[in-house]
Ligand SMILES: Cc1cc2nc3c(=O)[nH]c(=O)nc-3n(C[C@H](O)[C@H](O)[C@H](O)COP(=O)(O)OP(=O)(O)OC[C@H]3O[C@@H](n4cnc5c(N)ncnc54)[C@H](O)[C@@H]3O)c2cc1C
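In the block that follows, a single chain appears as structure tokens, in the form predicted on its own.
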């Protein structure tokens, strides 16, 4: 297992770091306070190629492998403090772009992927429902075939990018008697008759990433927007979730590295009792623990990326990556606040926001408890 970078990989990763430093160092405090999504930053990321990292070049992407992709997102997370923007980018990549890459028809790929790559289109998915939760496949939303279109009825909740999306991958049941074998995926475009994504949801963290509850009332979807085949939605969703679990917190590793360096600087500069607080064992131990978490998080992330590029079945690695990175990010943010003391609790120091942004990582893409269940089942328990 070789994590050394080729000249081409190093050139790309250095370019991502430089891009983030030069283009994504805008003020986040006010945007977070007012839940403002930065469309300009989104477009800049698209123009650079972030949203198309894994997409084949013939559809407008950069055609990178999984390991290079997660390393690039890690560097983006280090340079950019807007975790909401990064969350929206990840939701877009793993729940809209990846299903199209693997399951889209040639016509669908040609129609959607170039715009999804270059930042002119925003994507997301609509799977979770008010009464389904972790039982993701217990869908009440239905899809009925009517000639050359499908009619969707139902509602979805926790739809990242919902209020701003140009296209959502929507999961509905074409035959409830078939259980999860009736689940089917559709590409629902903005402005579709009967589609209402306007019900915004306020959140504790990643507030700069828009979220909505969406409704489908006799929503008309052309049959050509069927993604995959009827009844193939459960497999499609599982595959996209595996990608998401393995990759969605790659940028968090960069955030943790940034937090670590911030804490080291503060511990050296802050004086108490005639010496820097970093000389006190309890403070130093917290920073050492942060360092260990960052390194272990980076290693498990790169391990997932390497394995994902070499074999198809990565369910175990994806679940372990998601579980460990979520726990590590939350604990690093908690320690960062404690090290900064009262200042860490203040908005202007931008540490408390990291904790608010991190906590959601233990909930989305399958809770940490669900990841433990998955891991347990895959190791024979």
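Residue numbers count along the first chain shown, from 1. Predicted model only: the values in this text are computed from it and were never measured.
We do not show the form predicted together with this ligand, though everything after this point is about it.
Taking the partner from elsewhere, no residue among 112, 117 and 225 has a non-hydrogen atom within 4.5 angstroms of this ligand in the predicted complex. You can rule out all but one of 159-167, 76-84, 276-284, 213-221: in the predicted complex, only 159-167 has residues with a heavy atom within 4.5 Å of this ligand.
This ligand is not drawn, but in the predicted complex it has no heavy atom within 4.5 Å of residue 294. The shortest heavy atom separation between residue 125 and this ligand in the predicted complex is within 4.5 Å. For the chain shown alone, residue 17 is not a contact residue for this ligand in the predicted complex, no non-hydrogen atom being within 4.5 angstroms. A residue is said to contact a partner when one of its heavy atoms sits within 4.5 Å of a partner heavy atom; residue 369 meets this definition for this ligand in the predicted complex.
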